[in-house]
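What follows is a single chain, given as structure tokens, in the form predicted alone.
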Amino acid sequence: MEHVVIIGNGISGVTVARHIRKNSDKKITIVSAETDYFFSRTALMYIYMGHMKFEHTQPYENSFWKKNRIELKKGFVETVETESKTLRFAGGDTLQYDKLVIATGSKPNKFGWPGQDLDGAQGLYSKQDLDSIERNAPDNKTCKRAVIVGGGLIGIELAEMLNSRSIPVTFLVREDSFWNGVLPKGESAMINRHIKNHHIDLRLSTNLKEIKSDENGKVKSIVITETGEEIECNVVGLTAGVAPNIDFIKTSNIETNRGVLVNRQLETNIPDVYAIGDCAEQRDGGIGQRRPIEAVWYTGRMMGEVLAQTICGNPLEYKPGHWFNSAKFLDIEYQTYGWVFADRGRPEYEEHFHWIHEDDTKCITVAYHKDTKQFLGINTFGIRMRHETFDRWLTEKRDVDYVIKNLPEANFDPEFYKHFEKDILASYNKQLQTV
């Protein structure tokens, strides 16, 4: 019986295992050094905030794996020997495979800061990271202040977590406005204000120089590059992005760049070896306007579904369709559909219509082609919109007028929420008349 071994029990690895089982009787083994069972990584923050327990983040009963004949092996893979199709583990044991799927996800970026490996300096990615922050920042007596380095989505999650336990937070962001490599100017400025309104000490255009240690090897303080200011703290959140978690593959024959290089069918250069999720890098560049590496939950799930078909004898290309994503900035929900580029590096043909509510917690930005008026994408903050509606409008290549006039059809806010589509339409008409 063919043996498929999957390294990594995140959303990508578990999805490919489930779909191989749906379509075949192959032997399946999932290998992970992180946890015994799959859990929803995006829910880690809610455990710390007291909204749920760890077991609530596990979508399947522990009996699910045995029932579905998916073997689980806890262990850390040190080397992959592709000629003999053998995995070698840190404990000295080995495992043979017929087909191998690499789904090892990401690890937090570290940029060689002095003190970056001290106790109390950490990312927020793994179950071990959650355990570490619970140990080092259980309350505001143990942790008098935390410093977060890096202004992305994980950084804002960590700020919200610490804020929930009344732990003072200083937030160092290298850019001159929060996440402005992704968000257009108006949205980024709104999020700056929102962070400060939550009593978080946001420091823009500010870099970390070093993390200082106390006599026990724990974080004591950080020093700012620009001013030399020293800030006392007990926890440093290193959230300046993530990188593919592939160090153990570097000694193998499997080709890597930043990630494991794959073609559109998610195959590596070695027969019977595949890579999916955060650790996979498209060899021929990103699909459409997507990046070659996509560290996004839903793309990992899609890759798992596609690869399962290929492994079960129905070869498919990975075609993720229109870009979409969602997140939260403290209590403001964010969704994006299609492409809305930040001001830096925005294509010449892309125009934006921006509307912001007077309460400074709701806004939308609609991107369109300045010549053809074709709708290109939308960012929405504080107003829920339907994915399937925008996906259809992007496929139908609707124009911006159509989208603005039909926004009520896309609204997905709960019953009795106030609606703002009339205000948005009036603002759009007014802006067009003055252009």
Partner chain sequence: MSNKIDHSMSLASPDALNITTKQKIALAFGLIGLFILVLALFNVDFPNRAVFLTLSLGLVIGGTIVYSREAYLTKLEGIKNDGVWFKSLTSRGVLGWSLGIVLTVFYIVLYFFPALLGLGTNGEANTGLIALFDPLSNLLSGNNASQWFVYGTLYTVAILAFGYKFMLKYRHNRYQQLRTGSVMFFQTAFAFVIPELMARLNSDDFSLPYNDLKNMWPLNYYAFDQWRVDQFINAQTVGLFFLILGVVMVFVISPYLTYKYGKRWYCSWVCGCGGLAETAGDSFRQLSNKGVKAWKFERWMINSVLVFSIVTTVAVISTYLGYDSEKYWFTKNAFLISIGVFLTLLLAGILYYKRKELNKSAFRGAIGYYILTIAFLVFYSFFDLSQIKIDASYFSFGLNQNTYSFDSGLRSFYGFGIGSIFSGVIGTGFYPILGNRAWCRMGCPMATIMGIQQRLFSKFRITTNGGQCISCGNCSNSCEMGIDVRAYAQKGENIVRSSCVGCGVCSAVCPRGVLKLENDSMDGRINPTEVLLGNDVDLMDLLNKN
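Numbering follows the first chain given and starts at 1. Source: prediction; values computed, not measured.
In what follows, reference is made to the form predicted together with its partner chain, a form of this protein that is not presented.
Scanning Asp131, Asp176, Glu81, Glu230 against its partner chain in the predicted bound form with a 4.5 Å heavy atom cut-off leaves one residue, Asp131. When you look in the predicted bound form, the only residue of Lys99, His352, Lys73, Arg301 with a non-hydrogen atom within 4.5 Å of its partner chain is Arg301. Although the partner is absent from the chain shown here, none of Gly112, Leu118 and Asp214 has a heavy atom within 4.5 Å of its partner chain in the predicted bound form. The stretch in contact with its partner chain in the predicted bound form, judged by heavy atoms within 4.5 Å, is 161-169, chosen from 231-239, 262-270, 161-169, 202-210. Using a 4.5 angstroms threshold between heavy atoms, Lys141 counts as touching its partner chain in the predicted bound form.
Using a 4.5 angstroms limit between non-hydrogen atoms, Asp399 is distant from its partner chain in the predicted bound form. Among residues of the shown chain, Ala327 is one whose heavy atoms approach its partner chain to within 4.5 Å in the predicted bound form. Looking at Ser24, you'd find every heavy atom of it more than 4.5 angstroms from its partner chain in the predicted bound form. For the partner-free chain shown, Met49, Gly50, His51, Met52, Lys53, Phe54, Glu55, His56, Thr57, Gln58, Pro59, Tyr60, Glu61 of 49-86 come within 4.5 angstroms of its partner chain in the predicted bound form, judged by any non-hydrogen atom.
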